[in-house]
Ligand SMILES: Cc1ncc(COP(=O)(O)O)c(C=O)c1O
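This document starts with one chain, in the form predicted alone, laid out as structure tokens.
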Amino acid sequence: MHTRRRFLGTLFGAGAAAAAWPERLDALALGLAGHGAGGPEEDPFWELVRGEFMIPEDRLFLNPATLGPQPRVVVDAVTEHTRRTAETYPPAVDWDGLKTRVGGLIGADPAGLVFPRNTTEAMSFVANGLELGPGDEVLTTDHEHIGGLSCWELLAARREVVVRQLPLPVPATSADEIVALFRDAITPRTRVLSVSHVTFTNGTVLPILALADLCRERGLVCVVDGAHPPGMMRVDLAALGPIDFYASSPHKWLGAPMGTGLLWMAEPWRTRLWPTLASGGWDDLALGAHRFNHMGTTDESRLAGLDAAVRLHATIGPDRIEARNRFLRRRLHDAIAAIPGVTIASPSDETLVAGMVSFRFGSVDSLELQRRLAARANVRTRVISEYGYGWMRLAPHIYNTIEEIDRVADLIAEEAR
């Protein structure tokens, strides 16, 4: 298998290095077309996909939920744009094309798209732009990433806004229990419901459609931290209900460059939300959401990389990607769950979980397990120390092989013994 990977890396690596990245992507598309249908278990197709990522062969990378490895076409796109910028005056961003393709990725109206640096910045744009004051209440959970929580904590400190973190069930067993948790917690002072689409802690998929409907029913602003779904699972904002804001970090599962974020806002907010960063046109309401893209001089090469990542995702196929991710996650979940002494923190119901398996061994320190796995087989993992959970989190993705999934499970079983 390693020999095959080296061959594929040569075919689509050095041989295409001088070509523009769209040509490389076309070559990859032709290669994929000749390697089967790309079913969840079909190795030749996914071996070719693996060759598009510059992951060392001795590394078992299971942490795209923090920072995903960038595919070759993304690196090429950034490099090409940087070189062109150095040689000539920077070419203008094709905003319409970029928005159209990103809108297609997440099933959203392209006119509502803004491109901050990450989810943290996007969430801060939302929190700082809302007119909230003393006593106004924000409902969130005890599974929110610091990037989606700190913006509300800032409002609590600065404007005396009340932030309430509701305890999610671990593991969740039904969408109804999550919706009921929020429904029972809403008070006359509640103004905002801010939740993750997929939690970073254990991969729980929250019932966004039902929560968005609840927000509309109660007149609340619905803010979704969608850091993880794009690139991992199919996203269709139009089907998620009446959400107001959706923030994301394509540098995770999509493999876009660091410094690429997404923020989508519903039509009424494109003229109502106050900008956090003010530059030319900040008050030109005719620009709609695009006025939030006026942030001064920025590194536009990252947007070229984002565009390449979106096109690669479309080339491989969103449904193929989600099916492969779910297959690998389930295989890993089942293998780890069978190890004596393991407690799984992630839901077992496939409708309530995506991308991740979080667990722990009784009293065994997960940080120590992380060190052992790294030392023995160069396994890249994440320990969820936040909120005192202490879980080991593993997140397989499309570049992982079945052999790697089984190897990691065997290593964990050996450590358990």
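Keep in mind the model is a prediction, meaning the values are calculated, not measured. Quick note: we count residues from 1 along the sequence shown, nothing fancier.
Separately, the form predicted together with the named molecule exists; it is not shown, and the next lines address it.
If you check the named molecule in the model of the complex, you find no heavy atom from any of His333, Ser358 and Met392 within 4.5 Å.
Just one of Arg101, His145, Arg159, Arg326 comes within 4.5 Å of the named molecule in the model of the complex, counting any heavy atom, and that one is His145. With the partner omitted from this view, the residue of Val379, Ala65, Leu48, Ala354 that lies near the named molecule in the model of the complex is Ala65 [heavy atom within 4.5 Å].
Not displayed here, the named molecule is approached by Ala227 to within 4.5 Å at the level of heavy atoms in the model of the complex. Among residues of the shown chain, Phe200 is one whose heavy atoms approach the named molecule to within 4.5 Å in the model of the complex. Within 4.5 Å of any heavy atom of the named molecule in the model of the complex lies no heavy atom of Ser124. The closest non-hydrogen atom of Ser249 lies within 4.5 Å of the named molecule in the model of the complex.
Just one listed stretch, out of 227-235, 183-191, 336-344, 264-272, contacts the named molecule in the model of the complex at the 4.5 Å heavy atom level, and that stretch is 227-235.
For the partner-free chain shown, nothing in 29-49 comes within 4.5 angstroms of the named molecule in the model of the complex, judged by any non-hydrogen atom.
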